[in-house]
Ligand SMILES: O=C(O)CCC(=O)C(=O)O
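To begin, one chain is listed below as structure tokens, in the form predicted alone.
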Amino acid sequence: MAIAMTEQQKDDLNRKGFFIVEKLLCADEVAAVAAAMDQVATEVRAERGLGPGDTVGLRNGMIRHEKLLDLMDHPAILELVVDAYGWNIHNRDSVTLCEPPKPAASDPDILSLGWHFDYEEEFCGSTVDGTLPLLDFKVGWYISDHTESGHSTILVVPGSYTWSREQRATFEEWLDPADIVAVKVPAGSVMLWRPTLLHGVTPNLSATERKAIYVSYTPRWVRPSGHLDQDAELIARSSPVRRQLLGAMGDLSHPLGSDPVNNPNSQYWFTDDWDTVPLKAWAEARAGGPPYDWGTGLGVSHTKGPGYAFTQVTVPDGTAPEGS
């Protein structure tokens, strides 16, 4: 069974490519995260020589403040991420965004990053029947009020993650503007989505700073992109589940197995001891018992464990087994 995802959320995720949880954080939690983002943004602006009106876009910025890092393994969201993508995952990247209002004369129709599909350039030669593979699952945390008129909002085209290479190249010629959805949500809301959706972000022409954090999860055998290795002291003081999400072994064992010199075997790819993947036990305890229902349309529902044995071990001779 699933841990927390409803049938409607599954349908939205697998048909539209995203779903939204409004006001997941209460007002006090929003205020605490916003204050943490302000502190980090002030530090970054000083480090980079930026002014108070300059945008801060910081990769791996979550590790700079505990209130931000807590979003990565927020129980209510981590349950949904595991339902969608399975438990054999870690954090690929995070982006902390603080965007002050732009001058009133700015063009409201110019998207800062333009329309794009995440990873199209990286994955364009590695498609599944022409569509981009899902090697990443993203959570957007909206800390400022994205219902405010003129506020910078993300625009998405539902279902566009299924488009072919030709559709991705020609959408400007045929896309109906009515099919574009603006994610206008109150502060403290969250969007869980396939980042291979066509999307873009409107400029911030409101009166307040836009605050948003995007957290990406990926299979543990995919290398991170916003960092190489996280700080050893951070790993040491983290819980086993957080260690896994930060890219380390949950029990601090060697990532190349019990005999890394003579028999190196990456535990990120496959492990002989699934206890080193603490999110597995965490997920199973919350699901309440098999059969489990995570990886719905996205990841995998099962993984070969230490007791796995191949059952087809002889050369087929064209005859079916007796009694079949």
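What you are looking at is a predicted structure, and each value in this text was computed from that prediction instead of being measured. We number the residues from 1 along the sequence you see.
The same protein has a further form, the form predicted together with the ligand, not shown here; the description that follows concerns it.
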{"item": "Single option in L71, I154, C98, L132 placed near the ligand in the predicted bound form, where near means a heavy atom within 4.5 Å", "value": "I154"}
{"item": "Contact assignment for the ligand in the predicted bound form, among R194, K211, H199, H90, heavy atom within 4.5 Å", "value": "H199"}
{"item": "Options 73-81, 199-207, 170-178, 233-241; stretch whose heavy atom lies within 4.5 Å of the ligand in the predicted bound form", "value": "199-207"}
{"item": "Contact at D38, A46 and H65 by the ligand in the predicted bound form, all three, heavy atom at most 4.5 Å", "value": "no"}
{"item": "4.5 angstroms heavy atom contact with the ligand in the predicted bound form for R165", "value": "no"}
{"item": "R220: touches the ligand in the predicted bound form, heavy atom cutoff 4.5 angstroms", "value": "no"}
{"item": "The ligand contact at D118 in the predicted bound form, heavy atom, 4.5 Å", "value": "yes"}
{"item": "Distance check, V128 to the ligand in the predicted bound form, heavy atom within 4.5 Å", "value": "no"}
